[in-house]
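So this one's two forms of a single chain, laid out as structure tokens and tagged structure 1 and structure 2.
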Structure 1
């Protein structure tokens, strides 16, 4: 039931990057967290903008959001990554609000960049990990399908994703504020993952002169170039390992880093030494779009360096976001429609078993009372009481049964009636016992 569905979130709305990076989880860490917590049906979503835990507890009693926060922060996975995090950075959602929040996230209207094109795939991966970890049941599977419908409809029925700026896009736009003509510049993209690949694509669209992909795995870096560089493309392209990154730093004009390394890839002493060897007087643009951060913030104090991290890109994002914001009401209308349909489907699914459980409970009480007095009544009186009590039970349950079957009201109200009925007659308590 959705009243037992809870979401906790730490995101760009409340937490700066230095807080979010403490809780950012890799796929392996997300699996480990699900395995450790294992409380009913669960989904963990962790991106550079947010880490969220969605839970439908196994027990009938709804867990409080605060308890989930404590479970998350006290887990071995998170404890090994972070110091204490203030609880005020978290937001909690429950019931239909938690479902609506998920729909807003996957549609891109809750992203740091409105219309973020990566979030759909990231949410789908989160559901996949949940299923593979064995913590995805019927509710989460239906929720996954509904969330995917929301995202697909937003993509096809609105302009929210048209020209939408990703973090990578915003990073390249910032670089072009310093160097408008990239044909004369040497650009290094550190990291051959999805974010690094998107950034490299955006640089290519602006006719980059010299592009170097630096990555721990040369094979992955080479594969990236093969995917994104069409034959006949003007410019120079090469790959290097992270071990030789220091050798090319003195010649770089723009450095964009997007790895998943746990520590700094570029430190202040290394960059300071590279600047001393640099022959050009032009500035070095450094953009860190990784979480945790790849570039030591102390580098920003070095002369002739422009360093921006993922939070600094907000101004560029905001400048390009007004047109996408105008599409938000259309996306919200889709979310409302899909939420109503999802709740109605849950209602229909829950109504029949609730009616059966309610009648079974009344029937059990009726039979128990008849059995208690069986020795005191003759056969004729026993039959009379049996018939009379059955008719009384049917009359008493007639209106609740009709009410639970009605579907001509709002889905949320319909579902609420089921929840109230189950709570009023202790049906979930009976099931737990």
Structure 2
């Protein structure tokens, strides 16, 4: 039974986005890759920031990082997407390091945005795909459970995921600092581009009362609304053109603008007029995340208006990022703890077969040698040799057996120990034969 576990990774740490996007795999492509490489237990994780392959090969001798990179790059799935990738973009991990790397990835400390929670779901998806593709065994299942445990503990026991980390999310969180119950509010998102879409999605995650998408092109606005609002979503949703924006302004509580317009979309006189028509005396939240700015900064001087632009929001994000960085040691401590527990439980499960195979092999050699000399010895001497060789074998195997069973915290790299034992005594070659 092979003990090796290898991970190869191409991520934001070494590879630029143009390389990463070429190696990003869809769910179908990930399935196809697993099918093509099929070698023991495997997991493929592919996001916009990383593509990683975790393998516990059926045959240990095939488990070299460099070899795995070649297999990946020469696979049909990858060759159909890119022809040549510099090998130096890859990182390889083996044994305990590979497990630790997976734990770091799922906890979010290895993400480009530290504490990114999306990665948890992405790793879970990777394990699901592996199970559905039939390349997941006892080891990967155990690993999946341990990884989920790490992620959950990091979420609940550290502040690594606290606070907004992106502009669009920070914009929504800022709005919620004024109005926490969005179900009672009318929100207008100006602009149907990527940023506007992200912000609208974040608003929808919090349940909104009334969401209006205002855009120059009504088709784009309609398409965006159809994309982000699943049928049956509570609330009221509509689209308007920029020309009619002034009509809805007096009723709006939150206005978020993210267009690529070169001039101001909302000017101070327009907003002043809207405020005069406004029936409620509750504040108006205006968030401008466009560059160049969409909202006239003079509006900030109007009473009862909170206007914030991208620089203001960046202050919040930077503060959160710093706080998240300070939480990394806590997350690492959890990873160490869980890794130790995982190895301990794994050792209980995996050391036993290796010990058995090792003893079986020694016993076979002993019997073979005794058999070879059987004709030359009388019965008494045979019994003496039998007893002596057994004692010798037991004494020789005593320390390796104890060492393989050792599960205390000092034995952190126990996988490697099992691996070395198997290599030294050629246990895997016997399995292959």
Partner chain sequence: MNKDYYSPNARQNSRRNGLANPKEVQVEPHVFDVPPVPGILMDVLATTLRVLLPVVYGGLTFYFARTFFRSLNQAKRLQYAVSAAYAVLGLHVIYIGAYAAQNHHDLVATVYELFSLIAFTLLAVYVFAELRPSRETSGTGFFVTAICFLLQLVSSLTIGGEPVPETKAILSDPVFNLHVTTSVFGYAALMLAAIYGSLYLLLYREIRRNQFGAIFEHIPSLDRLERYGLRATAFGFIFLTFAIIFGGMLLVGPYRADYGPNTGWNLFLDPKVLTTLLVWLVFGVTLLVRKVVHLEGRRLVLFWMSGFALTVISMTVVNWVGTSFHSFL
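Whichever C-alpha set is largest while still superposing within 1.5 Å between the two forms counts as the rigid core. Residue numbers count along the first chain shown, from 1. Only a predicted model underlies this, so the values are computations on that prediction, with no experimental measurement involved.
Legend: structure 2 corresponds to the form predicted in complex with its partner chain, while structure 1 does not. Put the two forms on the same core and the Cα of residue 26 is off by less than 2 Å between structures 1 and 2. For residue 344, the Cα coordinates differ by under 2 angstroms between structures 1 and 2 after the core has been superposed. Annotation: Cα of residue 327 displaced by less than 2 Å between structures 1 and 2, core superposition.
Core-based alignment between structures 1 and 2 gives a C-alpha movement of 7.4 Å at residue 239.
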